[in-house]
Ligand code: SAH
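Given as structure tokens, the chain that follows is alone and in the form predicted alone.
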């Protein structure tokens, strides 16, 4: 799944006024952000309030990621800072939750005496009870044995954005990609019932949400074991009054089929963007990754998508320097970038992860300096592709869902087009969460810029 910046859940959601204050800090993917919102629901029901300031917090909880070792390094670094803070404030409760908690378990408690509890990916719904126990009994808690549960209660109002929301449609993954730790940290795939999903979506839309993002480790495999298709869910959401846009991440190429592509074509609300990670442009590397498709099959899917959904843009993930990758394999991945021309791509060096099928079985035999060089070449080419595409958009007008003020310039707003392009433009605070028409006047590889214009005549 694509990565996001670490962030405190801010502004803090409304909590139980006067209750102990919790700071939720999120590392990693969109699923972790949603998990933090679900934790907020449990904590508020348990009488807790929230803050985004360390000095105000009675408890600090880190919602963690294990996909790459850098994410775990950041968590350990922060735990070191919290250990120093706890020397001054011994009453502060500190917890680690999520994928890293599930993977490392008791080892975290042993490494960090200042850590009060560790709760895994299936135990976080009990976070209020765990925190009560830690604060009342001054005990340390390890909770990583919970059963899979796709029906975690949610308060629709506890979300950071009025017009946008994440919805989990499934948890876990039954794929066994050799580089990936998700099956170990999140367990086997469990799809959520369609009626349950639609009830939550209806409540969110009734509360002002215009754009829903459906989340799953292999989201386009939703419902297959129950005889359903993600296309069924898209068709139902297309008919939901008040909902403007539907996105879904992350899709696996092996789970794309003609029926789903036809469903996307029949669902204009699904927009013009699909995140479909290839991981490599070499069949030999894809076999070692156990991805289950060939480059030719991937390109066939791309061709079908572009034929049935004109204007669709694709996002991808690429791993540089996977086990056994040769220079020819690397050149094949560069060729894939040229063939597909992703509108955006997350490209990373391979880092071995304990608990993955590759760990101890495949040699991490690409020297680090070679990984870095290949990564740089892939990033350079992808940036060239994105800049060429963005420059080709100059003068065009797009419907943009405004997300907020630009971090670099508070007088400018930013939002996303139907094709998930980020665009910044001068605007007024009251435009946030609205759909506006924006003309593209300038572009970099990563961002478009422009100005609001009257909506084009249909």
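Numbering follows the first chain given and starts at 1. In this text the structure is predicted, and so the values were computed from the model without any measurement.
Another form exists, predicted together with the ligand; not displayed. Remarks below refer to it.
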Inset, instruction - Assess the spot marked by 68, 252 and 351: is the ligand within 4.5 Å of a heavy atom from every one of these residues in the model of the complex? - result: yes
Inset, instruction - Using a 4.5 Å heavy atom cut-off, state whether residue 317 contacts the ligand in the model of the complex. - result: yes
Inset, instruction - Flag residue 180 as yes or no: does it have a non-hydrogen atom within 4.5 angstroms of any non-hydrogen atom of the ligand in the model of the complex? - result: yes
Inset, instruction - Flag residue 171 as yes or no: does it have a non-hydrogen atom within 4.5 angstroms of any non-hydrogen atom of the ligand in the model of the complex? - result: no
Legend entry - Heavy atom of residue 281 within 4.5 Å of the ligand in the model of the complex: no
Inset, instruction - Using heavy atoms only and a 4.5 Å cut-off, determine which of 95, 277, 120, 271 is in contact with the ligand in the model of the complex. - result: 277
Inset, instruction - Using heavy atoms only and a 4.5 Å cut-off, determine which of 229, 191, 244, 217 is in contact with the ligand in the model of the complex. - result: 217
Inset, instruction - From the candidate stretches 408 to 416, 60 to 68, 44 to 52, 423 to 431, select the single one in contact with the ligand in the model of the complex, where contact means a heavy atom within 4.5 Å. - result: 60 to 68
Inset, instruction - Taking the ligand as it sits in the model of the complex, which residues of 283 to 309 have a non-hydrogen atom within 4.5 Å of it? Please list them. - result: 291
